[in-house]
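Below you'll find only one chain, the form predicted on its own, shown as structure tokens.
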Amino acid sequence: MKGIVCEQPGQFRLVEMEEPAFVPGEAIIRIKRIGICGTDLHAYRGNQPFFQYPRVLGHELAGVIEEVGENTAGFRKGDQVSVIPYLHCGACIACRNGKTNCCTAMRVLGVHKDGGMRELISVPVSLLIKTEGLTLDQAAILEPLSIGAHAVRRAAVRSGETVLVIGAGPIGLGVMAFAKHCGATVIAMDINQERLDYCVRWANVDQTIHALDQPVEQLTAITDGHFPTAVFDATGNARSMTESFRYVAHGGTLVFVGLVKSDITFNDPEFHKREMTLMGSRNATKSDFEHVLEVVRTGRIDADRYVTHRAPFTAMIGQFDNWLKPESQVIKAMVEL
């Protein structure tokens, strides 16, 4: 079978790979869609934290079951599925408490273990979601949208609450969409005006703020000086994450959705006087995937316009550098098999 390997920063190679052998408890999936995520872009650029080369990328996956044994979930050959790419141990304190998304021995497909940028992959049946009624594109984007939905659930966003989401990439957009789904008033912040305009069109945000144009003053005006009660930083940028402490209302919550391999510092008096809650939000759980699937299936999230660029599998290598350019205006690129 064919696969694409990221051999080192800036270098992909199309190779012949050995097909996976059937393992009881797992299913062999014929990959049909691969969403390209920020992790893939960072890995290609050489600045993805906790990453080693060579690696088969790809963790936003949709496909069809090629082979599966007896299983209590009722999966059968030919079922269309989405893959939960977070391989958890099931035994650590996080897993025992239902927080499989932050397992102490977490391995993510396409990051810590070879992912789905290939024709076939073997995946534990427990990490499959049946996606009957969804398109292949919709099935592939369950993963990035689930990260946003998980962050919103972590913060317990309520109807009528004012929420700020910093970072208008695919993850931030998912946070915006699910905060709106909860009935919140949503403000989007980014340094790219075109992305802010897209937030209005796609996520139906209520206000936008250019991050380089006096953001504190803008937030003060928009919220009558009260500031948002929930702030999500989805940038993965240390400076943005540091600045985000200034945007939270007294008694509010700050959620770091993005990851940066760096120290984040803050002024303790400012933090303390707000009695601020600081949270990390990592990955998503199976229940988040199931929630997102239902929201997408009922048409309450516009999955079609979320995908802005696409390429056939064998042409992806030639397109990847273009997807990195800001002028290409990529929101979500999709690879088709």
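Remember, predicted model here, so these are calculated numbers, not experimental data. In case it trips you up, residue 1 is the first one in the sequence shown, and so on.
Below, we turn to the form predicted together with a small molecule, even though it does not appear here.
Put simply, of 138, 237, 162, 207 only one has a heavy atom within 4.5 Å of the small molecule in the model of the complex, and it is 237.
Think of it this way: in the model of the complex, the small molecule has a heavy atom of just one of 291, 282, 32, 55 within 4.5 Å, and the residue is 282. Residue heavy atoms within 4.5 Å of the small molecule in the model of the complex occur in exactly one stretch of 116-124, 229-237, 263-271, 130-138, and that stretch is 229-237. Residue contact check for residue 85: none of its heavy atoms lie within 4.5 Å of the small molecule in the model of the complex. Though the partner is left out of this view, residue 73 does not reach within 4.5 Å of the small molecule in the model of the complex, counting heavy atoms only. Heavy atoms of residue 105 never reach within 4.5 Å of the small molecule in the model of the complex, leaving it off the interface. The shortest heavy atom separation between residue 192 and the small molecule in the model of the complex is within 4.5 Å.
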